[in-house]
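In the structure tokens that follow, a single protein chain appears in two forms: structure 1, then structure 2.
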Structure 1
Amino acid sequence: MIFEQIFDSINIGIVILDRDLKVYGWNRWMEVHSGINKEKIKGKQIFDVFPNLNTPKFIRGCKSVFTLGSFCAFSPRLHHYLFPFKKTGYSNQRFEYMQQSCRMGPIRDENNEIKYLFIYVEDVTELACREQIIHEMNLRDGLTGVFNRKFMGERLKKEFSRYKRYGGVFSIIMFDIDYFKKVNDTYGHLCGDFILKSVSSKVVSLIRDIDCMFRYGGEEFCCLLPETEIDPARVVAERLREEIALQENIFEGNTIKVTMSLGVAVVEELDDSYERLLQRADEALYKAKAEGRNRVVVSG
């Protein structure tokens, strides 16, 4: 009597399955979120109602509970959810379904024989959301919203080890805004910030989804173009140069146009690290500056 009340009032889902994986228990939380009454689901094979559970991991979990008496966990980081329920609350558009942290374990009879297993389902959508926000904040530049320099290092390192291990190709473009100091001096730093944001979002709109843009520092940026040879990389750089030069940035009634200098490099056999590749792109960028700015220079 007491336990039944707790069973139905507790703010987590509780499912009890027998050894044939037929539903034996289904608490009110599960009724509310699934829209299925316990009378309806009792005795049904769980896979008939939730075919998505029919995975090697879930089956292995059930087996380890019944055979070994294990307790196992299905973390939201890897699995997101076991039961596809609508998410609750208003705030987040990040997830399609409620994010769940689930635990599974044995229920024994008076002779210690394992007769059933339980599954606890906890709604962790809010937590998963916050975790994702913090995770993203750690990767992105606060002003422009593009990836930060720290993440650039990690990403280029990964791309470089993939290249060393499996071959393939990738290119990078280093670029900066010409005479950016003049913008700051003439129109003020708020305008400078506006230009940085405006250039960043234009560049992001011009590159592919698989490409990444990073803020290297100040008015200097970098784009990573995976699976891209030097010629198409140069074409991309040229296009970025043209589009930015054409773009009219309107700040407090002033129309400001800026140009960019760009250095392009493709990864080569001789590069012993991604830093070496960055350095080559940087040298090309300096050459572009020295040759009069508003241009693309290819390394090598």
Structure 2
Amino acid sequence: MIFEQIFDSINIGIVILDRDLKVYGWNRWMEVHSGINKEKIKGKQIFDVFPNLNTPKFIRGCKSVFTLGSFCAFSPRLHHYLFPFKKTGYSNQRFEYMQQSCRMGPIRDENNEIKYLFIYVEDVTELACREQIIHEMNLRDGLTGVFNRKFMGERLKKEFSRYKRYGGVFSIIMFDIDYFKKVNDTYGHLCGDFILKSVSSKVVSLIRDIDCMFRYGGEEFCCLLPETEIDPARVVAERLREEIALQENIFEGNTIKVTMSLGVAVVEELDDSYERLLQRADEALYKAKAEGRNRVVVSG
């Protein structure tokens, strides 16, 4: 009686399985979050109700508990969840399902024989959300909100490795704001920050969801365009140039218009690294600036 009260009152899920992996125990927490009454699930094999658990990892864990008496952990960093429960009481939409930290271990009888295994299920969605927010903050530029230079290197390296292994194509656009120092000198650095944020927001709104925008440094930015040949990339660059030139940035009653110079490059067989591709795009950018600014130059 005392055990059953504790079993049903604790704020974690407890599942007990027999050697045939049939449900022997199913506490109140599991009832609430699964919507399945313990009387309906008791005696059923767990895979009949949760087929997603029928994986080599889970089966190996069960066998290890019954044969060796060992414990097995399922970290949310690797597995995210065992039981696909919809989130409740969370406004954050980062995860579709409750994020769970789970662990299984043996239950022995009075003769020290392992008759059952237990699985505890802890809701760690709130913690996972906080960790993801912190992780994303480390990937983004603090002023503009676009991805930072560190993540740019990681992302371009991954994209280049995929290209070398599987083929395909991708392009990058390097660009910076023309005469940005004049903006700072005329209107002040707060206005300069406002222009950086305004331009970044506009560019992000114009590119695809699969594209990535990075702040390279100062007023210089980079866009990664996966699965994009050079001609479509040039079209995108021209559109960015035109839209930014048309945009009116209003700061403290002043209407400030800026332009951009852009360099475009597509990955080629001769590129021995993503740094070389980046260098070619940067060279095209500086050629655009040397030729009068407010223009697009394609590498090669």
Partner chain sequence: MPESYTLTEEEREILQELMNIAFGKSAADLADVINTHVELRIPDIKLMPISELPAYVQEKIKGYTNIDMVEQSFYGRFKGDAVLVFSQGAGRGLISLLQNDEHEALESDPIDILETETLMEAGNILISACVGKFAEMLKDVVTYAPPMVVFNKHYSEAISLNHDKKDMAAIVMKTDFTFTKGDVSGFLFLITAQESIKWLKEALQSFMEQYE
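Numbering runs along the sequence of structure 1, starting at 1. Every value quoted in this text rests on a predicted model; they were computed, and no experiment measured them. The term rigid core refers to the most C-alpha atoms you can superpose between the two forms while keeping them within 1.5 Å.
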query	finding
Label of the structure corresponding to the form predicted in complex with the partner chain	1
Rigid part of Pro232 equals that of Arg162 between the two structures	yes
Angle through which the smaller rigid unit swings between the two structures, given in whole degrees	16
Rigid-core-superposed Cα shift at Asp109 between the two structures, Å	2.5
